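Just one chain follows, in the form predicted alone, and it is written as structure tokens.
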Amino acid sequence: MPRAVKGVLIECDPSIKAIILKIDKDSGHGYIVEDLDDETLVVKEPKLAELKLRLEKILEKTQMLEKDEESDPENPG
């Protein structure tokens, strides 16, 4: 018998979507209900807050790495 899963529609940039897909894959596909197109996903509603937290942590790390590269005197580019 079919079961309904409560989900939230997420629209984001393709780069953010790629990160979310990786998070989902690494967690054993515990977040995404449906991958609709390049910028749209349906995420399990109970997992939304947890997914946001994991995404924010990854983005913070990425931004810290970019800042370190910009301030690196050996890499003036």
Partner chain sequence: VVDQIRLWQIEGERMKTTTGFLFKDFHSTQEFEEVAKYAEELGVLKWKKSARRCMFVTRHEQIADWLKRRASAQQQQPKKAAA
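As the structure is a computational prediction, the values presented were derived from the model and not from experiment. Residue numbers count along the first chain shown, from 1.
What follows is about the form predicted together with its partner chain, which we do not show.
In the model of the complex, its partner chain stays beyond 4.5 Å of every heavy atom belonging to Ala18. Remark: Leu53 counts among the residues lining its partner chain in the model of the complex, judged by a heavy atom distance of 4.5 Å or less. Within 4.5 Å of any heavy atom of its partner chain in the model of the complex lies no heavy atom of Ser27. When its partner chain is considered in the model of the complex, Leu9 lines it closely, a heavy atom lying within 4.5 Å. The partner is not shown here, but in the model of the complex the stretch 29 to 64 reaches within 4.5 angstroms of its partner chain through a heavy atom at Glu34, Asp35, Leu36, Asp37, Thr40, Val42, Glu45, Leu48, Lys52, Leu53, Leu55, Glu56, Leu59, Glu60, Gln63.
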